[in-house]
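Next comes just one chain, in structure tokens: the form predicted on its own.
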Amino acid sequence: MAQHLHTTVIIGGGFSGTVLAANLLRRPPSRAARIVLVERSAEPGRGVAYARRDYPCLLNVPVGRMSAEPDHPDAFLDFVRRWHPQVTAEDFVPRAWYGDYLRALLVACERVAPPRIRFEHMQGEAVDVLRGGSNLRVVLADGSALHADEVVLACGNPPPAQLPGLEAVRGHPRYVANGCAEGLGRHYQGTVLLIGTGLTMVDVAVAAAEHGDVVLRAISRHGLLPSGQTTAGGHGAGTEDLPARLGDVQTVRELLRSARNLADEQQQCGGDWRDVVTAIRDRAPKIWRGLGLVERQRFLRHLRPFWDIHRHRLPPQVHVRLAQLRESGHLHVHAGRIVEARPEGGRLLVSWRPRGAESAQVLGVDWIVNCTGPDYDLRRSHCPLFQSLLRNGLALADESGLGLKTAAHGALVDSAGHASRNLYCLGPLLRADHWESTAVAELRTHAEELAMHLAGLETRWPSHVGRLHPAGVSAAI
């Protein structure tokens, strides 16, 4: 009888799943083990964010702050400089390059893994997780199944919500339901309506303007656009004490007042308001956990759009390009909401109400692209995997619509309120507990801590363990 091989199944091969697998490979558990990375695409490490596209969208963070290895902050910079020596730590480079780096990191860590560790990339889609005694069974879309001792959901960002009022155009060839996944590869003509004015809208707008002669109209509730990144690198002088100066805030009003005061102080002494945003981000998990449900919902209802445009910023060159599109009349930004859309005479007619207006206006467009971004409210998810987890009580959706309820190390909380011992979550769906869980800075730490927990380790790894050396990388960018 074959000996049981302790098996960890990671569902999702984007940033979170790939970095978790790499961490488990470079410092594995002492026992013989099998690590299976289940990913829909043939190439782990890319996901939607770092896919190769016709238009080279840029990372929103400089190269020098994008290392996936907490103990090697220049790892991504070193990787890029192997082919592009002129790149500096403050440059913004194509996102596909980051996918190349993650893939190279996984390959390098697989090479140094001891023989007792078996790694597999399985191309497929997980549609169900079932519990059988103390173990789990992961069911794939093709009907096959994997038996696992531990399962980690590293599924990345969910797709956008199905927007009300658009029922008549769903399935229409000129309605793009997910601008992030589908919208960047399209060559649009005519008038394009972009629903949402955040980072996804900017990506689609800039790519569309490069591909053809289009008129772009973007609509969101507030009509707010993302701010630009600063060209100066790192934190400004005298910013080390900013997190402490925020105070022990317990309400959204206190947080807003403290943030405004600190931003004013920074700018009066020649500093940058972005450092205050960074300070809040550094303390976000503590602040978020200190807010009660009513305060969290107040933040989501009133302040979230304003936080998002200051927190999720654009590379300077993209910010300039966005301004050029507006000045040239190629991009028009509106505050309002969509009432209804329907096909008519080869076009799409959209009824929308401007913010503060009593009556709606009608706009004729050639394309509609949903750029509203991820919908973290899994109670309305159409994903078979999440539907099954919630239906079977293995997971519990956050009441504020921010992903899944989790405990220490991202352990899923079930419908009875108990933390799982072998079912975990990693990635953006940790927002309910951490709030900040979408950027590399947070996710790489979450991945390392979960890997140490799964491997039975209690201390952080030494900096020399599993470091990605450029000479060992075969991928080219």
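This one's a predicted model, so the numbers in the text were calculated from it and none came from an experiment. Each residue number is its position in the shown sequence, starting from 1.
The same protein also has a form predicted together with a small molecule, omitted here; what follows describes it.
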property: Joint contact, Q162, G403 and L450 to the small molecule in the model of the complex, by non-hydrogen atom at 4.5 Å; result: no
property: Location of the small molecule contact in the model of the complex, chosen stretch of 117-125, 268-276, 319-327, 292-300 [non-hydrogen atom, 4.5 Å]; result: 117-125
property: Contact residue in the model of the complex, chosen from L146, C155, A263, A207 - any heavy atom within 4.5 Å of the small molecule; result: C155
property: In the model of the complex, the residue from L412, L430, A68, V38 that sits within 4.5 Å of the small molecule by heavy atoms; result: V38
property: 4.5 Å heavy atom contact, Y50 to the small molecule in the model of the complex; result: yes
property: Non-hydrogen atom contact L385 with the small molecule in the model of the complex at 4.5 angstroms; result: yes
property: 4.5 angstroms heavy atom contact with the small molecule in the model of the complex for L423; result: no
property: is_contact(V63, the small molecule) in the model of the complex, heavy atom dist at most 4.5 Å; result: no
